[in-house]
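Heads up, the chain below is alone and in the form predicted on its own; it's given as structure tokens.
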């Protein structure tokens, strides 16, 4: 039912976890894919290989989403290769534990720069191109932490709360231009970022017990809703914060 043939999708943080799963899902649906990565070149190459195995055109571009010049280069390369951007998945992010009394300015700024400024840098350039086209889909990846807070990760929660508000603001602003803007608020997911926390058997049991569906999500569980929001099935949805958390956080 989802056909993204002739569409071009850009996924930030696309070399691993949710970003990798989203890149492959978009490619499987027929989209050409621009996989952004910051450090893991080999992982990005593997995602490209899987995307191409589904018959999709795909390229990998290294860029730090927190740097305006890097993001401009990312978009320049994507546009030179494909000529348009139809879907942006603003996914790149970090998650590092820091008790508030030990959270220094450097750690705070790093998280805000990547998780929040990085969404701004990409959405701004995507909006410029999508306005020219008269259409587009922007999907940000937020978190349950941005909805309810998260002890020992206050900087992360603040960044994701900002992403949620930014998403809603852009939805109102860009709707008249034919652009939808939505967010997927993920709960616990088995990724590299959460691997250390989820490796502890007792901690994992406590986490699972607090999830009504009694399981931690896979990256593919998040990629599916992202694909839905990128498709025409979601053409009349904008400003939505789609909770994908197994029922652990219930909010409208």
Ligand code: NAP
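Positions refer to the first chain, counted from 1. What you are looking at is a predicted structure, and each value in this text was computed from that prediction instead of being measured.
Separately, the form predicted together with the ligand exists; it is not shown, and the next lines address it.
Contact with the ligand in the predicted bound form, defined as any heavy atom within 4.5 Å, is confined among 26-34, 203-211, 186-194, 51-59 to 186-194. For the residues 111, 121, 142, 182, the 4.5 Å heavy atom test against the ligand in the predicted bound form is passed only by 142. Mapping the unseen interface onto this chain, residue 215 falls outside it, with no heavy atom inside 4.5 Å of the ligand in the predicted bound form. Within this chain, residue 116 is remote from the site of the ligand in the predicted bound form, having no heavy atom within 4.5 Å. Using a 4.5 angstroms limit between non-hydrogen atoms, residue 75 is distant from the ligand in the predicted bound form.
The ligand in the predicted bound form is approached by residue 65, whose closest heavy atom lies within 4.5 angstroms of it. Residues 13, 14, 15, 16, 17, 18, 19 are the ones in 11-27 with at least one heavy atom within 4.5 Å of the ligand in the predicted bound form, listed in sequence order.
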